[in-house]
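The form predicted on its own is given below as one chain in structure tokens.
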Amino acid sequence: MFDKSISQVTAVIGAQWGDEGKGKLVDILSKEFDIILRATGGANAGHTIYAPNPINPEEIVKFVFHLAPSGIIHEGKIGVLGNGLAIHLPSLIEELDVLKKYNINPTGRLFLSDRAHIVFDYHKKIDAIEEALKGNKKVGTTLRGIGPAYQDKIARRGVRVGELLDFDKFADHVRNTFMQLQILHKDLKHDIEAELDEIRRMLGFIRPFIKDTAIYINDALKAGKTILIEGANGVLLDIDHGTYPFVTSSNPTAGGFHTGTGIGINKIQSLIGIVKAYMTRVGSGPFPTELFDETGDRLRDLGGEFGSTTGRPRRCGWFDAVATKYAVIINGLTSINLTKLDILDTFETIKVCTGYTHKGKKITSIPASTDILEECEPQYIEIEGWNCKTSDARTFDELPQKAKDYIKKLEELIECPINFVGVGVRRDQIIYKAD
């Protein structure tokens, strides 16, 4: 069914500011793959899946994953957390405890890279301290400690998962790192020994999951296994290519998938970008098509636009073809999954941003300066709405003609085929649009 959109190694990439609906497509595609792999980010990403209850299949259950690969709910599938992640161990264990309630056992089919970095509770406290110091320049971080953990990684004082195999040396390293951080952050107060004791109690559970995942993944490829890479966050939040400094601390772009897993750059041949039929953003930073009126409120209410990680209301706006085309270019996307088309079912007129102007000058791509982007005026085209229900459609032909026209216009503007169309939250509410 998906043969034209997937290859032996396929990546699912958030192509906006995150929250695009990556978890659903990963869940759907997981049955086609042997291994589902996370490459970057940490518990600041929330992927939501609505799936049948394994105990009572007639009931639909909402799963929210922050660290565990979304495909882990599929029996027999392998989940891998790659070296590019920043892992908060208690959060991971909480997720696995939820799986146990549904008789989903990850033992023997979930692996943590020995090179992934660990997020400690003191990282969360540093996150809050640093965010407060920014005053009106706050990034809007989730305060999950991801940024400070990546800071330690780059400063070469970070603590990696593999160090847990020798706990005494691990504990000494943690104490030394914490001492350095107390010098840098005078207000940092934390009971490091209590946290070490908590981690010590987790050891028996965590150790069997630790593996050199880069070697494991590449051996699996040689054996003909298939791999689905589950992206986190979004392209426009990339530390290099996003709206810096209002970005995450990792590379959620395709480049981060290579460095965060150890898979060779020539191995990933299918890159599926996930985009909503409109735009949302959580936290601070420029958002050219943001709506501050009843239409924005309506998009938020209809789309249930509240963060799966923080619960914060998302900022909403019209589809931005400039930003999305930028994501296509930066990643070399081969296809698109357009999500939440059904949220637009009742709009008489739908707008799409096709360019910006800044002080009278036309801009056709995202400028590096967030100050300039903040001042940009979106240039819109208006598309007539379809004013009918799309959530029951299961083929492209079953969509109303005006909805098909909207999709075709977006394809033309972003210069990438839209092969998947989401029309609801359930697994079955997706359309595969064959060529």
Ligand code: GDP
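Computed from a predicted structure; not experimentally measured. Numbering starts at 1 and runs along the sequence shown.
Keep in mind the form predicted in complex with guanosine-5'-diphosphate is missing from the figure; the text below concerns it.
Review point. What stretch, of 332 to 340, 74 to 82, 262 to 270, 200 to 208, brings heavy atoms to within 4.5 Å of guanosine-5'-diphosphate in the predicted complex?
Key: Checking each option against the 4.5 Å cut-off leaves 332 to 340.
Exercise for review: May I ask you to state whether Arg314 is within 4.5 Å of guanosine-5'-diphosphate in the predicted complex, using heavy atom distances?
Suggested key: Yes, Arg314 sits close enough to guanosine-5'-diphosphate in the predicted complex that at least one of its heavy atoms falls within 4.5 Å.
Review point. According to a 4.5 angstroms non-hydrogen atom cut-off, is Leu413 in contact with guanosine-5'-diphosphate in the predicted complex?
Key: Heavy-atom contact with guanosine-5'-diphosphate at 4.5 Å: absent for Leu413.
Check your understanding: Does the 4.5 Å heavy atom contact test between Tyr50 and guanosine-5'-diphosphate in the predicted complex come out positive?
Key -> Yes, Tyr50 sits close enough to guanosine-5'-diphosphate in the predicted complex that at least one of its heavy atoms falls within 4.5 Å.
Check your understanding: Is Val425 a contact residue for guanosine-5'-diphosphate in the predicted complex, using a 4.5 Å heavy atom cut-off?
Key -> Residue-level check for Val425: yes, a contact with guanosine-5'-diphosphate.
Practice item. Kindly indicate whether Asp19, Lys22 and Gly46 are, all three, within 4.5 angstroms of guanosine-5'-diphosphate in the predicted complex, using heavy atoms. Key: Yes: each residue has a heavy atom within 4.5 Å of the partner.
Exercise for review: Would you give me the residues of 218 to 256 that have any heavy atom within 4.5 Å of guanosine-5'-diphosphate in the predicted complex, in order from first to last?
Suggested key: Stretch hits: zero.
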